[in-house]
Every structure is written in C-alpha cells, then in structure tokens.
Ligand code: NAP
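Listed next as structure tokens is one chain, alone, in the form predicted on its own.
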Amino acid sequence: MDSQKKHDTETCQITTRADGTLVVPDRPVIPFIEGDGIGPDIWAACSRVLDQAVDTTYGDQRKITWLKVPAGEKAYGQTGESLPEETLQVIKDYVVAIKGPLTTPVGKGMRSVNVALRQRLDLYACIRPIRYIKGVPTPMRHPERVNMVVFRENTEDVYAGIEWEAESREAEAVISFLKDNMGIDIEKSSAIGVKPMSRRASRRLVAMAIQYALDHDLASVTLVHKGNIMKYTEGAFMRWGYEAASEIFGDRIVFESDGELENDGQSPSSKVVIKDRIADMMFQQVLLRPESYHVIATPNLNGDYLSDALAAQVGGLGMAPGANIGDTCAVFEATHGTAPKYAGKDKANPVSLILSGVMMLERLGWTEAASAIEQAIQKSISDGIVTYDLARQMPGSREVRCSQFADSVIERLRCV
C-alpha cells in the first residue's frame, strides 16, 4: 500500500480508545454484510435511509462509505467458506459493521455463521432494545409499558456448539467417560452437549449491562437465570453477576435483597437496583409487570428466548433491532431470519435492520441522525404506510413494498 492510500485508509477508520470509547472520523468506512434471503432487499432500503439521515442532519460535514464484505450462502458458493477470514479481518480493522440476516440450517449442515461471527470476534454482548412504536399492531393491551434492553451473553452456554450426534464415536466416548469416572449413567443412544459458562464471560456481560444502566439513567438491572435447577452454570451466572456488581460498581448500585427500596421498587438514592429472577418466572413478569424491568442481563439461551418473546409484545421481530458488541468491535444486525420465500420480492419489512442502523449511529455518537430516523419511522407508521406484515393487521393502512417504505421514511426525514 502506498503512503497516500495508507493515509486515506487511516483517516477513514474508526479507532478505539483505551477506555473503550470510539474515535470516529467524519467520513468513516463501515463494512456491511448484505445477508441471505431477504437480506439484499432490506439492506438496500436500510442503507438509503441511513445515508439520507446523515445527509439531512449533517450535510457535507459527514458521510458513510459502505464496504461490502462476503458472508453466508453467497460467500460459501464463491469461496467454500461461509465466513471468510478476510471478512473477519475487515471488521476488526474498521471496528463497526452492520449485517443482514444469514442462513442457519436446522438440524444439519454448517454451523451458524451468526454464532461463529460473535465467537471469532469476541462480540460477547448481544444487545436488544425493545420498545413500542405507536401504531404497530400488537396482542398487548398496553405495549407502551414495554421498554427494556436485553443484554444476552453471546459466546458461551449451549450456543458454544460443543455437541456430538447420537451414537457417534465422540458421544459414546463421553458417555463412557461419565459412567466410568463419575458414576453417571446416560442412555447409550443419547446425543451429548456441553454447556460451558465461565466467571470471566458472565462478569463482563453483567458489567456492560450495569454500565449501560448507569449511562442511560435506568433504574434496574435484572439477572435472569435458571439457577434453581442448573446450580453450577446458571446459578453461577447469578452469583458472578452479583459479585461483579459489588466489586466494580460499589456504592453506585444497591441490591434488591438489601430492602432499601421504595414502594415502586426503585432506589431512593437513584442508585441502580440489581435483582434477579428465575427465567420461567421472568416470562410471566414481562407480560404482567413490564414497567418494573429496565435492563436485563442473561445467559445466551435464555436471552434468545426472552428477547424474541419481548419483541412479540411490541409487534414482532420485524420491529426489533440488535447489536453484537465486544471490547474492540461491534456488528449491528437484523434480529429476524432470512425469510427465503420472500427473497427478491421487495416485500419484507426493513425496520429491524433500519433500527439496528439507528443503534449503530448512536454508537458512532451521531445521535441527531439516529433520532431523526426514529421520528421518521414513527411518522410513517402513524400515517398508515407499512409493509405487508403490518398492513394485514392494520385496517385502513396502505401496504407498500420494502423499497417504498424506505421512500416513505426518507420523505419524512427531509421534513424532520
């Protein structure tokens, strides 16, 4: 690379300070993975909205340069790799990236590219803010009470992918080892999986969740686990979470168990309240008392279930953004699947990916552009201009294509 190109690359790269905050140039290069299935449709809509928001808000002062990188089915067809090493390196180099949905075969075939991406880049926190957009159809009487941010541990638990097929040589070896060395008798035809959960991974996830609550003036962080049954994995997550809260945050937090709270469950001194709930009971709580929960920190599998259930309360996964964040880089993503039957039909709802782009802009510190997009989406939905998934539940609405929804949001951006 010649010196001029090297200079140009360095001046458009986002970098990370020692304290974890970002140094963002006015014209950053941001890699994107288009995605499989409906990915190209929703990415085309999303990128246009993001570009318009930046242009409307900042004019010539700021601009994103998009860098396409391969992953998923197309990458596999071209290179034999679903997640090329070059893609991982580009994301590491440019720090912030965004992606559409990627195919994950069920019960066979390649392992999840999404999981591999999170593990290889150590994106240990899957962050999913869930709140209601007025006008979106929902089964809830009071969806406006749902306003939570789920922090899901992203690298361990059963999602670590340590498992062996039933009657395989590896499964038989593990079964024999457990019987011979620990006296544990397991049916010989069983498939076997291992659920690793570590102090390090649990503590850093909970610490990030508590710091988020402090930074955003949120009242509580709830540790969600199944520690009454899985005492040494899920139960340890809870214990390590409390340990991290006490050791790292000191007098900025208070434990619910200390009994110092007001009648509404909040701290009289505006400290962040740390509490915990059993996972199955938490599903009832977020239905009956959603306003009592603000930030949720949870192991991988529980977080997957809970964040999807919460998304259903505010209109479904098509309305739910997400981010995978580590200490050195972040990847923002649509939370839904690839919906292959709608691929190339310009039909899918792009809001999940657009709102993930909003999270990305907030990460960059470009909060004015992020807020403008949220307002424009709200206005479009309030005006009844929606894609098919919402239109079929909204009498009197006007059903539009994916690209036309982007047009509607862009039109309203220009008026924000």
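Because the structure is predicted, anything quoted here is derived from the model rather than measured. Each residue number is its position in the shown sequence, starting from 1.
Form predicted together with this ligand: not shown, discussed below.
**Q** This ligand is absent from this chain, but in the model of the complex, do 137, 380 and 408 each have a non-hydrogen atom within 4.5 Å of it?
**A** No residue of the spot touches this ligand in the model of the complex.
**Q** Can you work out which of 267, 119, 211, 103 has a heavy atom no more than 4.5 Å from this ligand in the model of the complex?
**A** When this ligand is considered in the model of the complex, the option within 4.5 Å is 103.
**Q** Which pick from 164, 249, 132, 342 sits with a heavy atom within 4.5 Å of this ligand in the model of the complex?
**A** Answer to the contact question: 342.
**Q** May I ask you to state whether residue 317 is within 4.5 Å of this ligand in the model of the complex, using heavy atom distances?
**A** Yes, residue 317 sits close enough to this ligand in the model of the complex that at least one of its heavy atoms falls within 4.5 Å.
**Q** Can you check whether residue 333 is within 4.5 Å of this ligand in the model of the complex, heavy atom basis?
**A** Contact with this ligand, yes.
**Q** Quick one: does residue 55 come within 4.5 Å of this ligand in the model of the complex, counting heavy atoms only?
**A** No - in the model of the complex, heavy atoms of residue 55 and this ligand never come within 4.5 Å of each other.
**Q** Against this ligand in the model of the complex, would residue 193 count as a contact residue? Criterion: heavy atoms within 4.5 Å.
**A** Residue-level check for residue 193: no, no contact with this ligand.
**Q** Only one of 366-374, 22-30, 62-70, 343-351 gets a heavy atom within 4.5 Å of this ligand in the model of the complex; which is it?
**A** Result for this chain: 343-351.
**Q** Can you name the residues of 35-58 that have a heavy atom within 4.5 Å of this ligand in the model of the complex?
**A** The stretch 35-58, when checked against this ligand in the model of the complex, contributes only 38 at the 4.5 Å heavy-atom cut-off.
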